[in-house]
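Next up is one chain by itself, shown in structure tokens, the form predicted on its own.
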């Protein structure tokens, strides 16, 4: 199946690394015009440069944890792209630890980026997406579908994204489709930096992540990007309100 996004206008938040970066690359390969969001002007510039630049890549920096920045990021993207067909909410953070380890600042940081940022980017994009009959793909997690010890706050944020996606899909239909993907452990710098490398025994931690999935491996960013592109395409034009599990079987039972 060859998906063609030629002329389509896409904004990817958190598009400078990990799953977001893989999604940007996949949309570009499919012919889209892509606005790339990173938290700072510097990180966004280096991220777009690493993608090869070109006349189909646009920088839209801003801190997604802040509602005002969400609006600025979306407005910048819409202005540069001349409209918007697809919004991918990929910006996210994760912190593991027991409940006693989390203070209000850690709670706020996780919820502000993962949940509040997703909501306010959607809110800012609605006029443009309704005009184009476009769609939204949110990044949730298998941790939004099942509980995971030491990830209570992350589970709360991603569970919110899953159910918010369903509510948005009902409210915005039939004009705008809204779906989310729910990855398991994916081989990104966030998983390695904030998970594997911080463990007392990194090798054992990596093996535990491999064993967590029924398929006995860690996923790749490209595998998640393929699902994002599918959900954003006309091939999925009868799909809305879906929470698409791409987790190697971690939520199967």
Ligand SMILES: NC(=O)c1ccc[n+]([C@@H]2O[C@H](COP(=O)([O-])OP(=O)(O)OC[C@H]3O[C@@H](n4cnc5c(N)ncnc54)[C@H](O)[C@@H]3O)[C@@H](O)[C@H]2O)c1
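Since this is a predicted model, take the numbers as computed values, not measurements. Positions refer to the first chain, counted from 1.
What comes next is about the form predicted in complex with the named molecule, which does not appear here.
The candidate stretches are 89 to 97, 127 to 135, 171 to 179, 75 to 83, and the one lying within 4.5 Å of the named molecule in the predicted complex by heavy atoms is 89 to 97. In terms of contact with the named molecule in the predicted complex, the residue from 49, 215, 190, 204 that brings a heavy atom within 4.5 Å is 190. Among 32, 225, 35, 186, the residue placing a heavy atom within 4.5 Å of the named molecule in the predicted complex is 186. In the predicted complex, none of the heavy atoms of residue 120 sits within 4.5 Å of a heavy atom of the named molecule. Taking the partner from the other structure, the named molecule in the predicted complex has a heavy atom within 4.5 Å of a heavy atom of residue 18. For the chain shown alone, residue 153 is not a contact residue for the named molecule in the predicted complex, no non-hydrogen atom being within 4.5 angstroms.
In the predicted complex, none of the heavy atoms of residue 56 sits within 4.5 Å of a heavy atom of the named molecule. Residues from 211 to 241 do not approach the named molecule in the predicted complex: none has a non-hydrogen atom within 4.5 Å of it.
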